[in-house]
Every structure is written in structure tokens, then in C-alpha cells.
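Quick setup: one chain, the form predicted on its own, written in C-alpha cells, and binding and motion questions come after.
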């Protein structure tokens, strides 16, 4: 570890001497801890990072939006699939292909879980959050049980025992609590050796004039380098080598906050494999032209995600011959990659990824040592996005899925207009009600009144229903024949014990 003098010299040379302003006021233990933190910084590149952040923020504030219109085009039909519109035989074939790859232990899932959950208002990893389901299950438990179930389904269909390894990218904020949470919950029934946690890099937050922000007298304000920090983290932690040793060829990458995510979705995996893709994206149809989501499309023939703000309103409103939006492929951060493509990114393209500017309200200590919580953005965090690698793909394909079945993110605390614990909880419970009704169950509310669930019924139609189906019983609505002809009154949890009782 470098000495204090070496670090002081490096900070002075980078124009960051203020970082050690309060050094004499720190106790010996605080000094030791701060020294360790400073030693982990990329000191030779610190000046470059601070200057680039300040320049990027200044450019973003004054530069006009890039004009993409002349080169903008939707994803071509031959690269598209749709759960709603594709031929049923094709859908069945893709699912068979996906189960085949899963049964051969060639498929892994990779969770992006390095964020702090600031908007949600919690001080622990978002995966540990309980949205208020009748079972009290957290996001991590739901996802773990879906892995267990998909392994079981693949084995029962193809007769070979298989493993879907779970790679979890954490950060300095989330690694230790996540490890402890999994240990305290016996890894939710999964083999600990098949859960691989690793850290993404942390980078300093910077003021608008290019100075590292001190969060405390002995602590720099650090932030994860975005979910696009995945590619550097794969290299730093030898993750691709671990995948190769396990025989993993295909990786399903997703964000922790989507309560409806289908882990190692055999339909998605099989679609991508059958199409010969090295890169795939799940999308949902935009709810309306102005919905603030990125759009998967092509610019000058190159696939990428274009921010909604970069598409002119008149272009966003364009419709095809059947009345559908031309630019409708809303990105939901749910991706497929071949391991070989990830290897190419790490070896060849990683350093070409350009960081994005995020202006944030970063708590800091002022020059007098007073703690300040700013009311306006005062700092720059540079982050990369996982989809920034799309332009390097040789063949990217897109699968459109049903929003009500596969996408309900948890981002904000209750009281916000969208993406809250309530909306996530209700989306999952409404899905389970639809499954139960489709299986032939008669559903009753708490007063004993009959409830009619249509295939498109949403949480908004039936917000008080509390029918929950454990992922250990059904992965995606299959295997629910035991509900046929049964009358079920809310609240009801269909877990293993309840299923055995219904079958008795």
C-alpha cells in the first residue's frame, strides 16, 4: 500500500490536495481507514477523470441534442420476435431450444445489483426489499426460487440434472450486506458454490469545477460506475474464466428491481440462440409515444438504445400500416449475451465505452467541516450503461414481451406516481390471479364475491386481490392444473404445502 506521503504527492499533482484538508482532525483508526480508501483510487488517472467529468458536464449543459433523425430506423423485422405476434410454432421451438441449452448447463443469469436504492429510500441493497407480498418474500428470494424452478423444469423435460449459475454484480455498498443476507437465508435453497458475487468499481463524484467531493472529513464520495461497469468488473474478477470453467455459453443479464423478471427465460434464450445472435434485448411496447423510455433501434445501421429525449415528438408518433408505433421497442434492461461476445467486449471494446454524465445531489463537507445536504445537484457522477455495447454486436435480436407479464420495476418509494412497492406488488399479484383464473380456478374476494380475471386484467383493475403463487410451484403459470374447479378466496398463498393439500 502506498504511504501517506506518496498519496499526498499524487493528490497534489492531480490538483486534489483538498482531499487531505481534514487529515489532522482524524483519529488514528479513521486515518488508517481513509488511507486504505485512497490507496484503492486510480491515482494516476484521477486528474484525467476529474477533468473529463467537468468537461462532459459542461458540454452536456450547452450542447444541442445530436440530430439522429436522418439515420434513425427501427429494428428490422428479421431481427424481431414477439410473444404476442410470432407464430406459435416458432415460440414453442424457441422455448424447446432454450430448455435444451439450460439442461446442458450452458446458461447463466447475471444480476446487476450495485446500485444504492436512493430513490427507494432504503439503506440496504434493493434485492433485500420486501414489497409487501402475503408471503413476505424479498426480490432476492423470488429470483432464487425462479432459478430453482427453471432447473427443475429443464431436468423434468430433458432428463438431465443441470445448473444455472447465478452471478451477482454488487458494489462497495451492496456486497457485504448481500453476502450476509444470502448466508442468513441458507442461500434460498441454492448451492452456495453456484452463486458468484463480485464487485464493480467505484469512482469519485466530482464537483462542476473538477474537484473530488468529500462526503466526510475522512471519506470521498464514491459511486458505482453504472451497470455498464459490468464489463470492467468481469475482467477485474475473472468472471468469464469462471463461466468458461463451468461450460457456460449464454448469459441472461437483468436488473435487480424488476419483480416480474423471468430468470434464464427459455423462450428468450432459445430465440437468441436460434437466431444466431451474440446479443439480445427484451423490450416492451411503449405505452404511448411520449413514454420516457429508451428505444432499441438502429442509427446508421448500427443497433443501439436511443434516449426518448433524442427522438423528435413527430418521429415518436410515427405509426406503421397496422397502427403500431414505428419506434415502439422500449428498453427494459433485460439482455442476452454469448460468453464469447462478452469476451470480445472485455478484450477489444471495453475502453471504447463512453461514460454518461449524471448530475446528482451529493452530500458533502464544506471547507469548514460542516456536513451539507444540497437541495440542488452539486456533483457529477460518471456512469456507463450495460447496453452501450450494442453497437459492437455482430447480430443483435429483439424480443417483444408483454409488459404486464414481464416488467414492473421497483425504483421509487410509495407515494410516487409509478414504479413503487405498491405497483410492483400489485403487478405480481395480478399476474398470479390471471394464472389461477386461466387454470380454471374460481376466485373470490374477501367478501366472497366472484372476480372475473381477463388475460389483460391488471393490478389497477383488482388492487385488493392477494393471490400469490410461489415460484417453486409455478415458474410462469405452468403446472397449475390442480386449481381447476377449485374455489379460492383471497388472501391465498399457493406454496408447496398448499399445493399438496389441494391435491390430497
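Numbering follows the first chain given and starts at 1. Keep in mind it's a predicted model, so treat the numbers as computed, not measured.
Here the subject shifts to the form predicted in complex with a small molecule, a form of this protein not shown in this document.
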(message) I have 49, 232 and 350 flagged as a candidate spot, so tell me whether each of them has a non-hydrogen atom within 4.5 Å of the small molecule in the predicted complex.
(response) no
(message) So, residue 224 and the small molecule: in the predicted complex, are they within 4.5 Å at any heavy atom pair?
(response) yes
(message) Check residue 255 for me: does it contact the small molecule in the predicted complex (non-hydrogen atoms, 4.5 angstroms)?
(response) yes
(request) Determine whether any heavy atom of residue 191 comes within 4.5 Å of a heavy atom of the small molecule in the predicted complex, and answer yes or no. (result) no
(request) Consider residue 116 of the chain shown here, and say whether it contacts the small molecule in the predicted complex, taking contact as heavy atoms within 4.5 Å. (result) yes
(message) Heavy atoms within 4.5 Å of the small molecule in the predicted complex: which stretch in 314-322, 116-124, 87-95, 241-249 meets that?
(response) 116-124
(request) Only one of 433, 259, 169, 108 comes within 4.5 Å of the small molecule in the predicted complex by heavy atoms, so just point that one out. (result) 169
(request) Counting non-hydrogen atoms within 4.5 angstroms of the small molecule in the predicted complex, say which of 298, 286, 411, 339 makes the cut. (result) 411
